[in-house]
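This document starts with two versions of one protein chain, written out as structure tokens and named structure 1 and structure 2.
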Structure 1
Amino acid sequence: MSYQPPQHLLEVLQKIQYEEALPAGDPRYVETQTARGSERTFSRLAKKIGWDPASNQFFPPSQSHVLFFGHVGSGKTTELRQYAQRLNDSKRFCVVEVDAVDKLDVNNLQYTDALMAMAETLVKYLNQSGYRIDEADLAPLHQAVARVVTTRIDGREVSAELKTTAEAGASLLGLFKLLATFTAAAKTNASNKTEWRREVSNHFTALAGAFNHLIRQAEAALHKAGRAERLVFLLDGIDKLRGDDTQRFFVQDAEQLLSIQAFVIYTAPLHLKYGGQLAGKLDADLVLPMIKLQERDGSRCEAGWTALRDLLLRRIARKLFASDAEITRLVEHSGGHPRELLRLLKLCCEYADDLIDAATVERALSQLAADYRYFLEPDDYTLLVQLDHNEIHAGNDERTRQLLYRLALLQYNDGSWRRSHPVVRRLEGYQRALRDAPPVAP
């Protein structure tokens, strides 16, 4: 049976969940590449790991660590899942998705935890998919991890089960148990977490080497089975690290990340890109752009309008709108941000009884604008007006970064141009700043 969007406003309301990223194949997913101006984003990503989707040429580098930036809620995870599907379908790659939020403690995450989580997810995948890796090839990593998790802390004895697993011959299942012991401690903030991390850190070169060896063996097994030639780790949720942890993970510990000889894609917060501290250690030029409703010169971007309209109408039946004008107005005021469009839709569902009409939409727009009023300062409005009327991207300061982070300022086409959020332009603070702004030179 074909997919039907919710037919009642209360059902629409019930199904709007901001924390939900759409899995590949979800009927609510809308293709947005043309609308974002990101047709080349997937192609660029694929080329960074050696594959040209157009010609199917494949010359993989030894490793590649790619950061994938985007606005909060702009659809990074949803988009990456689509990319993962395409990479998997190519038979060139096998994508191993590591959900940092689910597997680790993103409130206190270090490269050591990420490494172990990547290893655990890979071993689990190999085991569940029935791949065989020789004991000799598993042994180096098995021994290295066993040494970490059997470290006696404060004189406490290691559990008998863990000891047995550590001392047994190397197997995928045994290795998985050892790795899972570590990641569980990292996730639950167990008392031994710090000591174990120190152990990983002290023996990192050996551990990374053992992991790299396993990766090569896994790739050989995948290749032999005709499944793929290279592994790609998709480390999702890293964009949710706290400020200090983000800096430590991507800046201070970049060398450790780069010692993993694999293809790794990390989701990353947009403000990191413009903080100016990445300094070329990691590949940091991929941004998931916003869906465009207009081009830089102000002309209408039809693909953007179509995509957002489709996106909306997969969340709500068309008959629940009084006319197309209401749909248009909601799309227009979303600024091209999918979550903001859903937020407006939710507001409409809260205000309307059974039909979304012009008055309902107007109230929803005012309410969303009022949300921004809570945190915008007078100087923010001045800056927004200035940015809206200045064609030249003159760089980012802390105030601009904060506006980007809180979506008062949206950027398009890989950040080459920016506009204030359309609902913010409704606020009296913005209007006043606009009146007070010096005239723009012709």
Structure 2
Amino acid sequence: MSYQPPQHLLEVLQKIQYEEALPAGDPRYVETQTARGSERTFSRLAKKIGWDPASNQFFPPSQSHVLFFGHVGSGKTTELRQYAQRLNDSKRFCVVEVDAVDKLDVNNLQYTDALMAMAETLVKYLNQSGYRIDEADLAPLHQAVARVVTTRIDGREVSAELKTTAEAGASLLGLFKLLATFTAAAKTNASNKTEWRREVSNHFTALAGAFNHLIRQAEAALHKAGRAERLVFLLDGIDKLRGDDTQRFFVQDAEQLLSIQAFVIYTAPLHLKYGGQLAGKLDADLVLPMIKLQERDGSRCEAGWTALRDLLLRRIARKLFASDAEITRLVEHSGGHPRELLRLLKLCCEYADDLIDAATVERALSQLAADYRYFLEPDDYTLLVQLDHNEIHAGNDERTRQLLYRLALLQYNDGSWRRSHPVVRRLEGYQRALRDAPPVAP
């Protein structure tokens, strides 16, 4: 039976999930590469880890740590899951996805947590998939992790079960239990998290070396089974780090990340790319562009309009709109941002009676615009007008980065041009700044 979108407004409303990333094969997925102008994004990513999809040539480097930038909610995870399927299908790679939001505390995340989560996810995959790793090859990591998680905390002994697991011979299942104990503490803010992090940091060289050894053994097992030649870790959700945590993880702790000799892809917040502090340590030039509704010269981008209309109508039946005009207005005011389109749809479902009509859409637009009014300062409107109408405006200061982070400013075509959010342009503050702006020289 073919897929049918929800047929009732209340059902639509209950199924809208902003944080939901679509798995490969989900019928709600819409191909957006042409609409984003990102046809070469996957090819570039694949080449960074040594594979040319066009020719199937494979010359992998020893390691590659790639940041995958994009606006929050722009669809990075959904796109990366499509990429992961293509990498897996190539038989060159085995992608190990680590969901930081699910497994760790993104409001208090450090490289130590990420390392242990990567190791846990790999060991779990190997164990569940039936791969065998010799005890001698597991022993270094088993011993290193056991030393961490059996550390006495405030004079308290670890549980008997954990102590028994730590002292037992190295096995995939035993190692998984030890690693899961650490990541569970990192997720739940357990009192022993700080001490365990210190232990990982103090013995990081040995721990990283043991993890690298396991990676090589895992790749050998995958290759022998004909499954893949190299592992790729996909660390998703790291783009949700805030403030100092972002700087510490990607900048201050970059050397620790690079100590892991593997292919690692991290989702990263767009504003980090323009902070000027990455210093070239991590591969930081890959951006998922926003879906375009217009080109830089103002002409209409038909691919973008089609993609967003399809995205909308896979989440709500067409019969729930009074006319196509309401669909057009929602797409137009999303600015090409998938999550903003879903936010508008959610508001419409809350305001509508039986159908989403023109009045419902107007109320939704006004409500979303009001959400931006709460945090925008008078000078922000002036800056947004300048960015909209002055092509030579550099726009890379802290205020501009904050506008990008908060989606008041949207970026297209790998950053070659930007525009303010369409709902922001409805606000009186923007209109006043536009009236007061000096004319742009021809």
Partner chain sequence: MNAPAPTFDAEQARLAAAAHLQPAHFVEFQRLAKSLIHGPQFQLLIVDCRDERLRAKVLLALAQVQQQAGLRGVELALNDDLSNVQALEARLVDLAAEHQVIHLLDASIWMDATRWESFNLLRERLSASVRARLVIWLNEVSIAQVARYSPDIWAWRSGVYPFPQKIIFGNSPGIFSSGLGIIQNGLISSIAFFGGDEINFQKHVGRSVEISDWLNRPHVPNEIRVPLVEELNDLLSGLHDIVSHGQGGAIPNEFYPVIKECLIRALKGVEMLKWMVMRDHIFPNECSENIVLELRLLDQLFRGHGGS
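Reference numbering: structure 1, starting with residue 1. So that the term is clear: the rigid core is the largest set of C-alpha atoms that superpose within 1.5 Å between two forms. Because the structure is predicted, anything quoted here is derived from the model rather than measured.
Of the two forms shown, structure 2 is the one predicted alone.
In the core-superposed comparison between structures 1 and 2, S323 has its Cα shifted by at least 2 Å. Once you line up the core between structures 1 and 2, the Cα of L311 stays within less than 2 Å of where it was.
After superposition on the rigid core, the Cα of L355 moves by 2 Å or more between structures 1 and 2.
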